[in-house]
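Quick setup: one chain, the form predicted alone, written in structure tokens, and binding and motion questions come after.
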Amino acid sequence: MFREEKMRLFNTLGITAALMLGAAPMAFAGPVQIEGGKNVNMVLLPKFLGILVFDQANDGAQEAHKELKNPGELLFVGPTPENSVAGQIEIMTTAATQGQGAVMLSNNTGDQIVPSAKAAQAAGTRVITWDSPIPSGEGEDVFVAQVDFGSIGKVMADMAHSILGGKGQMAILSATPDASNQNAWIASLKEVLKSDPKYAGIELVDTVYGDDQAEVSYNRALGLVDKYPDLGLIMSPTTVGIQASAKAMQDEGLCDQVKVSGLGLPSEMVSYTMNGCAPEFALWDFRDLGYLTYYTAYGLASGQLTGEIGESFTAGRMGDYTIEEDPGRPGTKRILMGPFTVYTSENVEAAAK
């Protein structure tokens, strides 16, 4: 009898364990091979139009669109810089009413876009963010991250340390106050500067915004120099801001006094790097980012991807990627592209071609 009771207990425990295992997250057999030819209408929505890196992202998306032989339409639409927040919300709302299969959003509205993004999802539109996510993650299926946001702060801190020789004043010239990617990168930079004794000699004196407009950024950069006579570096984590800042320092003959760094395009920064105005800067490939974002959105909108954490897929020429939890936004999901490159006088000319 005792032996029979033990066997029954053992069997019960085995069944319970099996049920518990069944409740675990789904195990995926291997990377999903995305099948082309599905009819999916899609929208690539940048922060606004007229920025070269967003044009490059569109080039990558168009490449993937052609490669996957999608008979549906790929629209590249965006607001003006002056109307970015309201314009993005309006385009998201319109996409939902038009029955678009997916909207690929580089968010410039903070969480203001959440209601329209959630309405789009409710209408059957998949919302994939790239470059800049929705901070809360609400209304977002997955974020395609160019690089790990925490690592950008370390890279910017290292460039500042190298340029300043470990000691001096630095200011930040960012894009817009609602740009969630810029805000995350700046927060990461501040944390690195505060927590690592290596950077104790670097003083962050101010953060200003150039609205990702060349003329505004140019004037903001000159304003920083006027306000802080001992300023040694302007760190601009935006391709518009870094180029405008470097031009301002060059035009005023200040390159020996105030250096410029941040995130920029080699083709736009090569002359400033070679003349010493911007000795170091970094970036990733926006064509690849647009290409990977398209593959992700197409896979989700065509029903070939579930979007669950742990699911992997093959993104054409770029290889395999896996959906994971975003460590910077608990409860949200991301796909991490990477890597980025630091450009100096040794490699910028080749990259600019």
Partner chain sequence: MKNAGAPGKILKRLKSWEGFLALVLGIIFLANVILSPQYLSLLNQINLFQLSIEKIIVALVMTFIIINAEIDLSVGSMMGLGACVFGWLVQGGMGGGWAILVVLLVGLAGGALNGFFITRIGLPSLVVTLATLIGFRGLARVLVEDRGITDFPDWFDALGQNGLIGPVPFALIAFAVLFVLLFIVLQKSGFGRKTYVIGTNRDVADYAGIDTARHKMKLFLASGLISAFAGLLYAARVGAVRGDVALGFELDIITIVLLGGVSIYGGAGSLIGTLLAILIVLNLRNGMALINITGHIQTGVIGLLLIGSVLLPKLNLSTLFRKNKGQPPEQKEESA
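Positions refer to the first chain, counted from 1. Just so you know, these numbers come straight off a predicted model, no measurement behind them.
What follows is about the form predicted together with the partner chain, which we do not show.
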**Report entry** Exercise: residue 101 in contact with the partner chain in the model of the complex, heavy atom 4.5 Å
**Finding:** no
**Report entry** 4.5 Å heavy atom contact, residue 204 and the partner chain in the model of the complex
**Finding:** no
Query raised in the report: Do residue 250 and the partner chain come within 4.5 Å of each other in the model of the complex, heavy atoms counted?
Result: no
Query raised in the report: Taking the shortest heavy atom distance, is residue 80 within 4.5 Å of the partner chain in the model of the complex?
Result: yes
Query - Proximity to the partner chain in the model of the complex, single hit among 178, 148, 280, 268 (heavy atom within 4.5 Å) - result: 178
Report summary line: Exactly one of 318, 32, 49, 309 comes within 4.5 Å of the partner chain in the model of the complex through a heavy atom, and that residue is 49
Query - Contact test, all of 75, 91 and 97, partner the partner chain in the model of the complex, heavy atom 4.5 Å - result: yes
**Report entry** Among 82-90, 162-170, 190-198, 124-132, the region lying within 4.5 Å of the partner chain in the model of the complex by heavy atom distance
**Finding:** 82-90
Query - Heavy atom contacts to the partner chain in the model of the complex at 4.5 Å, residues of 105-138 in sequence order - result: 108, 109, 110, 111, 112, 115
